[in-house]
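First, one chain by itself in structure tokens, the form predicted on its own.
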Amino acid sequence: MLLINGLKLDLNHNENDLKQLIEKKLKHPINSFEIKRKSLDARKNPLYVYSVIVDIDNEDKYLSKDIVKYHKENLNAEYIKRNKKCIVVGYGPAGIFAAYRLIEAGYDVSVFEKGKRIKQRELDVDRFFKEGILDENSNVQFGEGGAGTFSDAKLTTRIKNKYIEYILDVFVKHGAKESIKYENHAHIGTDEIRIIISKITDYLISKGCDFHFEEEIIDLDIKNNEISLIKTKKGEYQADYYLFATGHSSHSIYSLFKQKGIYMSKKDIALGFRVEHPQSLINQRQTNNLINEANEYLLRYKDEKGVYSFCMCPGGIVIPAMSENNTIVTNGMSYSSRDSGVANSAILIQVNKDEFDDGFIFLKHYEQLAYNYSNSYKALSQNIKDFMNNELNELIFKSTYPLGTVLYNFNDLFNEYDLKIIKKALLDFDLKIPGFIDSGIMVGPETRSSCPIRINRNESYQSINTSNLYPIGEGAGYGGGIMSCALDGIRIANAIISNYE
């Protein structure tokens, strides 16, 4: 196999055009090819740039600076029946891929998830979106697939790791489009990720994984600096290894850890709101409407504190993402088609860990403040230009947030220091995307971008004072988003596998 980089085609090409370009470069017919990477060069004359893997006879004769041999590494774990028991707590991306990897390697695996399977979870979320009736154990945060199930399901990360290819292969094996393996800003969409995660679960069940949905951990015993068992309302369970992948919203677990003396530390968090704009504005500003798809953006501003866009959802909607009654939390979600006509993204300001004693209490204050002001699950809202001018007028367009909004002056949400930085950031964003201020609205608050604690672990990925506890993923402070959390789940599973005796 050969890897060819730097193949360029105009925007209106098809797969046969790419095949012809490969054969023109090699000056010989090929047997087959696979796209390795596809990216957009949106400079003067926008082009798509490809890297491809090619099957051709007598491949050595074609080697050059930009044509090299390619060998795909087998990243599957070697199956050996291992007489060791693993309990995985939490079934978001970190828990899913830890369980997947451990089952693949021959471990006895049980998964505990306080929420429901996706089909039942969808009904609870839909009821909440329509009627405002929240199930605190089955919602956007908790249940099969974790919080990423009700999101844009982005598969982007700045991490360079060979297991990214492994993760994407798993998704494709269970129904994702092949294009996620090479698109520059790959996403699956909330509608498709739900189907894929359900298939992964069914596959794990067929391989012997024991699932305990709707079974929350309420206690654990620690003896000689090890977990000896975990407890739920349904029973007590023992294992050799305990992997906790409980996500950023599982405050009850982290309160239990604190009570048991498991070492944790504070970490920086963020606070902000969602912005919404007509998708047509973003498409025009980003690629002059040359690309027939909903365009994204990534914005950064650095002052004494950073302000940045987060979880940008092209053609998506703003959703209620609370997991506790009488609070308001916003997030973004896109279907695979990204066809709502509205772009949304979180705009967040950094909150340093020395600004709070308990990050969960700090963030919940804003969630409850919003609910008390709204006196309902309607989110707070304001035109961005009114926020900049400290005014309050009717929204220039209706938010996509399904439970409705109430007008609120976000100048009252932030302290004076942060407020100045946020407004300077928005002016900067408006220079990068003209119309960002005048054509947008804000909806909030946004409080769940990351977990406010880190469960301290050693070089073997174990808790530093509880040796058979493996904290993983976003809730443990070691991930942010589907890919980084999935990678952390694999990282911990590989550590357990490599230490097998």
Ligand SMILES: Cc1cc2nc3c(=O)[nH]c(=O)nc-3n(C[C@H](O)[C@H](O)[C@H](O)COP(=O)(O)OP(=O)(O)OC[C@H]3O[C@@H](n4cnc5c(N)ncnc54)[C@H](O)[C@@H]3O)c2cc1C
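These figures come from a predicted structure and were not determined experimentally. Residue numbers run from 1 along the displayed sequence.
Quick note: we don't show the form predicted in complex with the ligand, though the next part is all about it.
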(message) Given a 4.5 Å cut-off on heavy atoms, tell me which of 403-411, 203-211, 248-256, 70-78 is the interface stretch with the ligand in the predicted bound form.
(response) 248-256
(message) Since the partner isn't included here, can you check whether the ligand sits close to all of Ile269, Ile455 and Pro471 in the predicted bound form (heavy atom within 4.5 Å for each)?
(response) no
(message) To verify the annotation, which of these, Tyr241, Phe150, Phe429, Tyr371, has a non-hydrogen atom within 4.5 Å of the ligand in the predicted bound form?
(response) Phe150
(message) To verify the annotation, which of these, Phe387, Phe112, Phe171, Phe128, has a non-hydrogen atom within 4.5 Å of the ligand in the predicted bound form?
(response) Phe112
(request) Consider Glu355 of the chain shown here, and say whether it contacts the ligand in the predicted bound form, taking contact as heavy atoms within 4.5 Å. (result) no
(request) Mark Gly444 yes when one of its heavy atoms lies within 4.5 Å of a heavy atom of the ligand in the predicted bound form, and no otherwise. (result) no
(message) Residue-level question: is Lys154 within 4.5 Å of the ligand in the predicted bound form, judged on heavy atoms?
(response) yes
(request) Find out whether any non-hydrogen atom of Ser399 is located within 4.5 angstroms of the ligand in the predicted bound form, and reply yes or no. (result) no
(request) Using the arrangement in the predicted bound form, list in sequence order the residues of 202-224 with any heavy atom within 4.5 angstroms of the ligand. (result) Glu215, Glu216, Ile217
